[in-house]
Structure formats: C-alpha cells, structure tokens
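Let's start with one chain on its own, the form predicted alone, as structure tokens.
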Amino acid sequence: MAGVEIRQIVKRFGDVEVIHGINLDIRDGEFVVFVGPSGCGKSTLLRMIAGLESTTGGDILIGDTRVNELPPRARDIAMVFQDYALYPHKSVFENMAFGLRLRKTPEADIQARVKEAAAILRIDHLLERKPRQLSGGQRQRVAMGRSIVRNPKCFLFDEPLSNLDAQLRNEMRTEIKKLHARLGKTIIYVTHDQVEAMTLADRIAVLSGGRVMQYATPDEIYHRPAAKFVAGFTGSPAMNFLRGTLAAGAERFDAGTVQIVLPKSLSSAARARVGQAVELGIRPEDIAIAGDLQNYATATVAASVVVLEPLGAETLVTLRIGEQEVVCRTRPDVSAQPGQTVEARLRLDKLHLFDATNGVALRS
C-alpha cells in the first residue's frame, strides 16, 4: 500500500491553465473522493496521478517515489473507468486475467488471484460468460476485479457508477465501501455526485475551477463548509441562502422585512463586517414549521408556504421568507398548505455566514 502526495500540481493546455497549484496529502489506506461539477478539473487531476496526462508543474509522489516521468504501467496503480473497458470477445475470467498474463504471471497464481477476486466481488459464477451476457453492475464488478488481481499500491476510480441506474448505483456504492474495508488499499475516487462523495469518503476534496475549495472529512464538509460553493454543492436539498447585510448594534442579519439576531458563534464576525453584504446559510433540516426544534435555540420569522413535496418518510416544504425562498425538511404528516402563513424557526447554532463577494465562510 502507499499514500499519494500532490505538491503544487499545475496543468495547462496551451495557454489555458486548468489546474492551479493543487496540494493534497492522501494517507496510506485512505479513501479520498474528488468531487465537483463538470469541468472543475477532478478527472484531469486523477489522470495525472495515473500517468495518462502529463503535469505542467509540481510533483506527484506515490509512496516515497516521485512518479511524474514514470509511465502508467510503472506506477503500480490500477484504474477503473466509467465505461468498463472490457474485451467483448474474452470471458470474464480472461478479462480479469489479462493484465497478469501480460506480466508473465505463473498460471497457478493467475487462477488463484482471479478466483479470489471473483469471490470477493460475488461474480465467481460468471467467470465463463462474455461481457455482453452481463448487466451493467456485473460488468463494473469485472472491471474492479481486473484491478484487484494486480494487487496495486493504489486504486483510481473515474466516475465508475455514472452509467448505472439509481438503484444499481446505490448497491455498487455499498459494494465499493465494503471492498475498501476488506482490502485496506488507498482509493482515489472521482465523481460529480455529492451523495457518493459523502457516503464513501474518509476525506473529500471539493474542486471548483481547478482549485481545491475544501479538503476535509464528510462531517466537516457538511457542517463547517469553508465556502458558499462547498455548502451549496453538498446536501440534498442543498443549503439555503438568504441575501442581506449585517446591521450595527445587535449583530443582526438584515434582509429587509426579515431580521435575525445572530448567535455568539457568529457575533464577532458580524461586528467586523457591519454594513457589508453577506449570505446567511442554513440546511433544510435546520428550518422547522409546526412546532419542531423545540429543544434548540431558534430565530422565528414569518413565512408563507409555496409548495409541498411529500417523499414518504419526510416532506420538503418550500417557504417564502420576505422576498426569498428556502426549502424546509419536515415530518411527513405536516399540515401546512400552499398559501398558508406559518412561523418558520431557524436553528441558531446551525446558521452560517458567507461573504457575498467571494463566498468565503465568515466565522468568529
């Protein structure tokens, strides 16, 4: 096994710089997810680690070895692609054994490794089939098995579940989590799906515009986002934002008809920016109507119900507060109706402040 260090990595395509001096330290055996919207640089960064893309500047280390000039086959990594990349004319067994045969691995070792990997992935009954006889999820397991048999230092996954339907994605996500726990290998995983990132990762690197906006645990990413971009990218539904200014005196957030006295955790940040434009952030589960959140300190504001979205175990309620809308996550038996005026309670210890200009989180 081996950790991966990314030191001041830069990538340019012609005159266009797409990766801007990224630094990341990925520990041995850690599961790290690169997440962000299309075009943020996450796949380019992964391809540079794999050796499929050259670096313009900086260093990449796998273990203690600088690998910038090493070809992919010399880096002792295995990559699982979005499109499976299986040989259609070969059986599952031969697809999984192909890399070992290229390395002149003894036949007895090939048999043992392929059968062990197939048992781990629960595809040992499919070894004689061809890829066309498999479902999408089974094909992805074969692609993963082909990587496992090589026993690499590090696994790289490039959006491996994006071609699967929603139910199969959920199942495969669980399987990948189990696989990491069983193998204990370093995994670097690229996705645009924040649910995959939150459920799989030990740590998440949130990328935007070729820069790392935050690199932290899923819990910290969700509860202490470093920027509005991070807060808005994670969570389903994402964090709500109310635009306003910071009023003098009582450290109040002022959005015209809506004013909220801020908690002590945000008061010094508010005092330092009186009169400045900010955005107040709060997650849907931290807004309540119909008497919820009784055990927490809250701010109460008048709101009108815009629309209800029943989801079985819960209901999402869109509320209009002043001239702005937010989404509230509440219990399924909520009795509110569109057009009704209600009291919305905002949990004070879950409020976030962001600079309206650069989106940076403001903290005391």
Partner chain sequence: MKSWLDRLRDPSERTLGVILLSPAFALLALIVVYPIGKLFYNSFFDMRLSGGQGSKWIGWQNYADMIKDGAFWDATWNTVLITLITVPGALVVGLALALLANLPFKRQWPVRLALLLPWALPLAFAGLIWAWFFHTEYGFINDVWVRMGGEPRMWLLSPVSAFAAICIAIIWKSSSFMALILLAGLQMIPKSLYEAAEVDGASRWQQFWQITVPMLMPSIVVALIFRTITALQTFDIPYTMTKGGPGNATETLAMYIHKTTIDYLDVGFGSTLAVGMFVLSMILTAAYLRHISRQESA
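Numbering follows the first chain given and starts at 1. Only a predicted model underlies this, so the values are computations on that prediction, with no experimental measurement involved.
Below, we refer to the form predicted together with its partner chain, which is not included among the displayed structures.
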Its partner chain in the model of the complex: contacted by all of His223, Tyr296 and His352, heavy atom 4.5 Å: no
Partner-contacting position among Arg103, Arg182, His125, Lys264 - heavy atom within 4.5 Å of its partner chain in the model of the complex: Arg103
Listed residue that, although its partner chain is not shown, lies within 4.5 Å of it in the model of the complex (heavy atoms), from Ile282, Leu86, Ala255, Ala269: Leu86
Per-stretch contact check against its partner chain in the model of the complex, the hit in 68-76, 236-244, 167-175, 214-222 (non-hydrogen atom, 4.5 angstroms): 68-76
Partner proximity in the model of the complex: Lys115 to its partner chain, non-hydrogen atom cutoff 4.5 Å: no
Its partner chain contact in the model of the complex: Arg146, any heavy atom under 4.5 Å: yes
Its partner chain contact in the model of the complex: Arg329, any heavy atom under 4.5 Å: no
Contact test in the model of the complex: Leu308 vs its partner chain, heavy atoms, 4.5 Å: no
Members of 36-55 lying within 4.5 angstroms of its partner chain, judged by heavy atom, in the model of the complex: Arg47, Leu52
